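Quick setup: one chain, the form predicted on its own, written in structure tokens, and binding and motion questions come after.
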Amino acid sequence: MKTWIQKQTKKQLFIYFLIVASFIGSIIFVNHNHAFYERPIAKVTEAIETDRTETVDQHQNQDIIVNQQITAEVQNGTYKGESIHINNEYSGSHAYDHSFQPGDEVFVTIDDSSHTGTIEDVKRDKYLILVAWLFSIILLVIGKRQGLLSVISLAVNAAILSFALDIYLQNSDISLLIICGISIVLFTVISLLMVNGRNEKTYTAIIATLLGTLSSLLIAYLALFMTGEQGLRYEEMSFLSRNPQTVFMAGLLIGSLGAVMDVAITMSSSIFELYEKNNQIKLKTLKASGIDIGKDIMGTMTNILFFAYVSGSIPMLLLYFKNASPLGFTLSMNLSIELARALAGGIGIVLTIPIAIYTSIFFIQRKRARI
């Protein structure tokens, strides 16, 4: 340990100290932040199982219903420090309910007259902060400076997306497509510049990402126009009371951006690396190498997009199949939107490959002209 510390510069030691201090500070904060919540929070001090009943529904599905008598101490608000009693009922499947143990923290509503409580939700911030730190530390260990910048760019992008959706909710007369389009430009420029710096490789990736994503949008719009949107089921968006086609397009833009950006930076990095290794390399060789690289990654990237979209529908697919719904009806109801997004995004990924190749060659030709 002493040897490792001696090898580090003062700047590196300061950054490590800052990370460790932030980690400890955040853990302490989420374990003592009850006063920052408006909803009452109670900490379970005792949980006793009082009843256990086996049940069978009309479809012969077996389950078990358990009753718990919980004693909990209120952590904030008017009743802070007082104990309340809660009756909790949960099923063996834990689909919409939970079993609780001493030490768990829950959001509750408190009945003033009977001094009893009802559990509304589980306080999960301390678990979320641990997962977030695990994710960040892995990025920092593997990516070092780029990992740190990736974490920052991810936080910035999350803030931009949250702000953009808030603008749309507050101003429904502004098209969601326009808001998402502006957000995508910001996501792309900020992420790539922050992680890869200002250079031709980054400019290539930015141009290829924006053109590839725009291609996905145009192809999806053209396909919807030519088919009259036949086969697409917008039922899942019916509660939004907003134009479902616009919401679909906005989801397509946001959903395909990550995969398209990944392809764009992979292609530009590879081609510029080949050029840096041998700046006398022929453009024809660069183009052929770029196409070979693109062939290698296009299959995995389109599969990533497909699985990312389809995975969200697995619970509904299981529910439909469990209720003996016909295969065609089930797939149509649950996968039509996701498959359309995956196909349009996949086309965008494939088109990004030649766009990135020719944009890289354009910047390389400019570099050669300056030499």
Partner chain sequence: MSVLVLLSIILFVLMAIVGGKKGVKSFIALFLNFGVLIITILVMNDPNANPIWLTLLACTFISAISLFYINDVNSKTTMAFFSTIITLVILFFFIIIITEQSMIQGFGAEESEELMTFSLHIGIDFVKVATSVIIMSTIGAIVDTAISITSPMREIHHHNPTITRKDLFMAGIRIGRDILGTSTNTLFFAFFGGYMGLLIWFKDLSYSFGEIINAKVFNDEMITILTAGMGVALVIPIASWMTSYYLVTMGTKKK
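Take the two forms, superpose them, and find the largest set of C-alpha atoms that agree within 1.5 Å; that set is the rigid core. Fair warning: this is a prediction, and the values are worked out from it, not measured in the lab. Numbering follows the first chain given and starts at 1.
Form predicted together with its partner chain: not shown, discussed below.
Heavy atoms within 4.5 Å of its partner chain in the predicted bound form are found in one stretch of 276-284, 110-118, 123-131, 79-87, which is 123-131. Residue contact with its partner chain in the predicted bound form: Gly346 places a heavy atom within 4.5 Å of it. Its partner chain in the predicted bound form is not approached by Ile178, whose heavy atoms all lie more than 4.5 angstroms from it. Using a 4.5 angstroms limit between non-hydrogen atoms, Ile70 is distant from its partner chain in the predicted bound form. Among residues of the shown chain, Gln245 is not one whose heavy atoms approach its partner chain to within 4.5 Å in the predicted bound form. Between its partner chain and the residues Ile152, Leu139, Leu193, Val185, the one pair within 4.5 Å by heavy atoms in the predicted bound form involves Leu139. Shown without its partner, the chain has Ser150, Leu154, Asn157, Ala158, Leu161, Ser162, Leu165, Asp166, Tyr168, Leu169, Leu176 in segment 148-176 as residues with a non-hydrogen atom within 4.5 angstroms of its partner chain in the predicted bound form.
In a rigid-core overlay of the protein, Leu317 has its C-alpha displaced by at least 2 Å between this form and the one not shown. With the core held fixed, Ile167 shows a CA shift of 2 Å or greater between this form and the one not shown. With a cut-off of 2 Å and the rigid core superposed, Gln68 has a Cα displacement that falls short of the cut-off between this form and the one not shown.
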